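Presented as structure tokens, the chain that follows is alone, the form predicted alone.
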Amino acid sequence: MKSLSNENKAIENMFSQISPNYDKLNHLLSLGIDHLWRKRLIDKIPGDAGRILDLATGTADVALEISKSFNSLIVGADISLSMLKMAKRKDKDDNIQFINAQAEYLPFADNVFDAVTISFGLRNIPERKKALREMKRVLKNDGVLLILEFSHIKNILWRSIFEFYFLKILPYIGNKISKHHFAYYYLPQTVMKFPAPEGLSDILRDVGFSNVCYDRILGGVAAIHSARS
């Protein structure tokens, strides 16, 4: 893997430290809803996709779910070796090829994959546009990019309730269980700084994607973005 930038080193180190409790905390803090969101993402993958790349695969929740529905070549890529070790333990049937890679420098030839997925990972990539260009490069012509990411809530009351939980309660519980004093304060902040769906759509078009669209989930707590290469 190409040498990491200082920003990526910090991100890799943080995720490596929280990897032992990552799955447990995800499901606890989302009340299990994150699993349903990932299922909705996977439902949008074309049924004939023969090669699928799951970026920022983490502990491979999405990649493993994809393997249940697709008899395809599935590759899970992540910047954190510790996360990938957790993922390999979960992949008991060896259905997935795991690669340690950063999204800004994907170690694949052009026009390889029918679909690229990334769930709750795009906001943690320092050079976001560069990573999106790489995703477009490795996708086949008319391949599909699917992004599941936290979003922006328009309803003022619902936004205030969610932000209280997300910025106050979630960090306290997350840092307490993970024994990490920063990660679960950092992660909500990345959501606040992430573009609204309309803004991300503009970025995708600027990078060269077409057929860009998105679906809001749970009143805007998250959104699924799709685009064609």
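All figures in this text were calculated on a predicted structure; none of them were measured in a lab. Quick note: we count residues from 1 along the sequence shown, nothing fancier.
Below: the form predicted together with a small molecule, not depicted.
Listed residues 153, 112, 125, 86 were compared with the small molecule in the predicted complex; 125 is the one with a heavy atom within 4.5 Å. Only one of the listed residues (96, 146, 101, 138) places a non-hydrogen atom within 4.5 angstroms of the small molecule in the predicted complex, and that residue is 101.
With the small molecule left out of view, the stretch that reaches within 4.5 Å of it through heavy atoms in the predicted complex is, among 138 to 146, 114 to 122, 68 to 76, 154 to 162, 114 to 122. The shortest heavy atom separation between residue 11 and the small molecule in the predicted complex is within 4.5 Å. The small molecule is not drawn, but in the predicted complex it has a heavy atom within 4.5 Å of residue 38. Put simply, residue 53 is far from the small molecule in the predicted complex: not one heavy atom of it is within 4.5 Å.
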